[in-house]
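Shown next as structure tokens: one chain only, the form predicted alone.
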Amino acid sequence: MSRYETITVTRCSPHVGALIDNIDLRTELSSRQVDELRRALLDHGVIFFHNQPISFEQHRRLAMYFGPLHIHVGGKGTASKPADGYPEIRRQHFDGNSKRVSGEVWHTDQSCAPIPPMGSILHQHKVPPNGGGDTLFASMYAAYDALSANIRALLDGLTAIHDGAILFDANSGTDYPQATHPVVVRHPETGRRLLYVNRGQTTRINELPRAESDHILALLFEHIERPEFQMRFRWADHSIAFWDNRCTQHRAIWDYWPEIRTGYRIQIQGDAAPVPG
């Protein structure tokens, strides 16, 4: 793991997640701070901050240290909406009137896009007063590493379809994109191999008959969701999570109805489509 000088990094679990302290995200960051946050993200897959009451402008500035901003593909029928005046910021508000919540299935953000976002930064403004609304995160490095050599050999060279209409509202009248990505990809910065299929959007392995594809995907989804690859983050008001969308998956837990949970998410553009591992 990297050594840090300007921030404090505390590991949350063996495979994924770290809590970052000794930094104020309301201020402009130095190049050293940005570099160390990037290294922490690469080391741990997702990094967390508490007590960071940032504004929309500060939220945008934080994300733009790491790349241009990604605009959500599709979206008319999703449970999150663009914030007024900020098309790149998605408001995620859920209360007693909500019929569903965003991300209540294991997924990688926008894997249905030809170039999925590199990362996501979610600032939770208000959380349920009596607990609930946690988010699960899982390492796709750990999931791939735990596969047998025979299954790894089977997956090499396979590609899969990712369909946005599965995770979002297929009956909303929105044309959601579809994309084809390798089943096993290599992270563009760490070089590590990982699994790149998710229950929320992956529908078919192209090189296999439908029955075989269904069985292999079911096996992989069950494997990916094993608890030993995961951690559970408990939010507080003005907590922030910044996850590397290229090597983690996450799942929102809707156990707080009819309480209120309100947050805002920005995504950072990816540089290129996922490459085969």
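Start at 1 with the first residue shown and count on from there. In this text the structure is predicted, and so the values were computed from the model without any measurement.
Omitted here: the form predicted together with a small molecule. The next part is about that form.
A.B. asks: Answer for residue 202 alone: is it within 4.5 Å of the small molecule in the predicted bound form, judged on heavy atom distances?
C.D. replies: Contact with the small molecule, no.
A.B. asks: Taking 4.5 angstroms as the cut-off for heavy atoms, does residue 92 touch the small molecule in the predicted bound form?
C.D. replies: The answer is yes: residue 92 has a heavy atom within 4.5 Å of the small molecule.
A.B. asks: With heavy atoms only and a cut-off of 4.5 Å, decide whether residue 15 touches the small molecule in the predicted bound form.
C.D. replies: Although the small molecule is absent here, residue 15 would stay clear of it in the predicted bound form, with no heavy atoms inside 4.5 Å.
A.B. asks: Can you tell me if residue 122 lies within 4.5 angstroms of the small molecule in the predicted bound form, counting non-hydrogen atoms only?
C.D. replies: Result yes; residue 122 sits at the interface with the small molecule in the predicted bound form.
A.B. asks: Can you pick the one in 182, 164, 116, 103 that has a heavy atom within 4.5 Å of the small molecule in the predicted bound form?
C.D. replies: If I apply the 4.5 Å criterion carefully, the residue I get is 103.
A.B. asks: From the list 252, 220, 41, 240, which entry has a heavy atom within 4.5 Å of the small molecule in the predicted bound form?
C.D. replies: Exactly one listed residue reaches within 4.5 Å, namely 252.
A.B. asks: Heavy atoms within 4.5 Å of the small molecule in the predicted bound form: which stretch in 139-147, 188-196, 202-210, 103-111 meets that?
C.D. replies: Among the candidates, contact is made by 103-111.
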